[in-house]
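A single chain, nothing else alongside it, follows as structure tokens in the form predicted on its own.
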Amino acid sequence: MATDDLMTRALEALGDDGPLSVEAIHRLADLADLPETMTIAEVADLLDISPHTLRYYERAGLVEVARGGNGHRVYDAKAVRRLVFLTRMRLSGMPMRDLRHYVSLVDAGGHTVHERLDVLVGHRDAVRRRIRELTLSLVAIEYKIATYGGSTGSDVQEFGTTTGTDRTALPDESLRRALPAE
């Protein structure tokens, strides 16, 4: 499953006004009531990703999965927890090469904690930059919506003063010059 689909599922679980917190993330994949072992189909359903993706993560060395007597994959709680983490990181846009590096550090042991921290801090900074880029893009979109007389909605920061209608007034001249005219 694409990360876009996973993000949609995560946002739907939070709702429109759900708190954005670590607790909300934990609720998205509460592992307390899971069976001791799970099949590939059960894990795929739980995480809302395809069995193909699970096999890919295994081939990429990101997760180790035991095999049952019949040769089928048997996912234990440790593998499922790792897969939850992997899907969260992919959801945040972490590239596979960085994910592989991070997992190799985890698998290498406790002496790699500082290096893992560096990977996560770098990724956090990249996510923060992406949020700023998306916020700037949203400002441009809202500007064009307001330009055409559309409603920008109550969740959008105002460009200037409101016009008395349900839409935001056009931005001041300096912002107008900074945004494309198309």
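Only a predicted model underlies this, so the values are computations on that prediction, with no experimental measurement involved. A residue's number is simply how far along the shown sequence it sits, counting from 1.
Below: the form predicted in complex with the DNA, not depicted.
Although the partner is absent here, A77 is not a contact residue: none of its heavy atoms lies within 4.5 angstroms of the DNA in the predicted complex. The DNA is not shown here, and in the predicted complex it never comes within 4.5 Å of any heavy atom of G109. Contact annotation for Y143: none of its heavy atoms lies within 4.5 Å of the DNA in the predicted complex. At a distance threshold of 4.5 angstroms between non-hydrogen atoms, M96 is in contact with the DNA in the predicted complex. This chain appears without its partner; in the predicted complex, the one residue of L46, I40, V139, V127 with a heavy atom within 4.5 Å of the DNA is I40.
The partner is not shown here, but in the predicted complex the stretch 55-79 reaches within 4.5 angstroms of the DNA through a heavy atom at R55, Y56, Y57, R59, R67, G71, H72, R73.
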